[in-house]
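Next up: just one chain, as structure tokens, the form predicted on its own.
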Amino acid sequence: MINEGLVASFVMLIIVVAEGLIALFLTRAGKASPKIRNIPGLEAIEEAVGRATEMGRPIAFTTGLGGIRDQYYYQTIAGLNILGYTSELAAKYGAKLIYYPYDPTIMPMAVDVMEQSYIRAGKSDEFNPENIEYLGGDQFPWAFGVLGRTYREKIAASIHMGPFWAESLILAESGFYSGAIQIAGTANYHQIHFFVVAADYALIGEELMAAGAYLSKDPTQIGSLWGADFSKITTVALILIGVILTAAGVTALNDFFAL
């Protein structure tokens, strides 16, 4: 016996996959060039790196409390994408970028991301793996470790991108009181307001997920983002149609989703 809703779920899965594949094909083939709206927080990264370079002071970067083995890995990967972009700018301008990982499992990835960024900038000999400082894997000791480094290193720019919890305000306030320009982003809705209040620029929810495509302009990433947007439009359209049909006394759509 087929469980209720299984047939409808399978049909929706096929529709979503089809939309994603079509979007990928069109963008990779150059037949479509979807535009991503301007995200001020990402545009401000170059300004932050430039300011740090002019002041001769470091840039601090964190990717929150996530790792690559938990349910928040997608935010961590998004943060690492932004780390790569920021590292390339730092290498190009000659600024010092210090990355403070929380989960030790992402350190090899961070080393590779930063090293490749320096190679792309033509500054491979200037990459220093000691600029990746592990401060411990406990939430508040790690947060206060970053806080201490922010003051002692006289950080000029703080960038926080990834999954954050109660430590978000500690990080944001430390940068605020030290006079650093701050750019922060998370998809954890319960922490966004802290970044909005204390940081100069904030990426809210899906803006963080779109960062990789926005910064790289890679057709594959843009196509994936475009396909996800199509899926959302389809979902909203079905909800609206369902509401209208139900109000009119037609239960066909409701009956389908019960299959």
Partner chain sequence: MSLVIKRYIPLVITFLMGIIMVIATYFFAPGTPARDATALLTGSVDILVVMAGVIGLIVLIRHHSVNISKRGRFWKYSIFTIIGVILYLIIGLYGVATHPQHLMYASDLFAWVYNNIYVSMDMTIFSLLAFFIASAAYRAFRLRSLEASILLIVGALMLLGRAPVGGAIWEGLPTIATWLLNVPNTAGNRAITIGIAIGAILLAIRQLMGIERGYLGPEQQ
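The term rigid core refers to the most C-alpha atoms you can superpose between the two forms while keeping them within 1.5 Å. Positions refer to the first chain, counted from 1. Computed from a predicted model, the values in this text were never measured in an experiment.
Same protein, other form: the form predicted in complex with the partner chain, not shown, and the subject of what follows.
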{"item": "Contact label in the predicted complex: Gly50 to the partner chain, heavy atom within 4.5 Å", "value": "no"}
{"item": "Heavy atom of Glu43 within 4.5 Å of the partner chain in the predicted complex", "value": "no"}
{"item": "Proximity of Lys217 to the partner chain in the predicted complex, heavy atoms at 4.5 Å", "value": "no"}
{"item": "Glu133: touches the partner chain in the predicted complex, heavy atom cutoff 4.5 angstroms", "value": "yes"}
{"item": "In the predicted complex, residues of 123-154 near the partner chain [heavy atom within 4.5 Å]", "value": "Glu130, Glu133, Tyr134, Leu135, Gly136, Asp138, Phe140, Pro141, Phe144, Leu147, Arg149, Arg152, Glu153"}
{"item": "Did Trp226 shift 2 Å or more between this form and the one not shown, C-alpha, core superposed", "value": "yes"}
{"item": "Large Cα move at Thr53 between this form and the one not shown, threshold 2 Å, rigid core", "value": "no"}
{"item": "Cα-Cα shift for Asp70 and Thr220, closer or farther in the predicted complex, minimum 3 Å", "value": "farther"}
{"item": "Pairwise C-alpha change, Leu13 versus Gln75, in the predicted complex against this form - closer or farther, 3 angstroms or more", "value": "closer"}
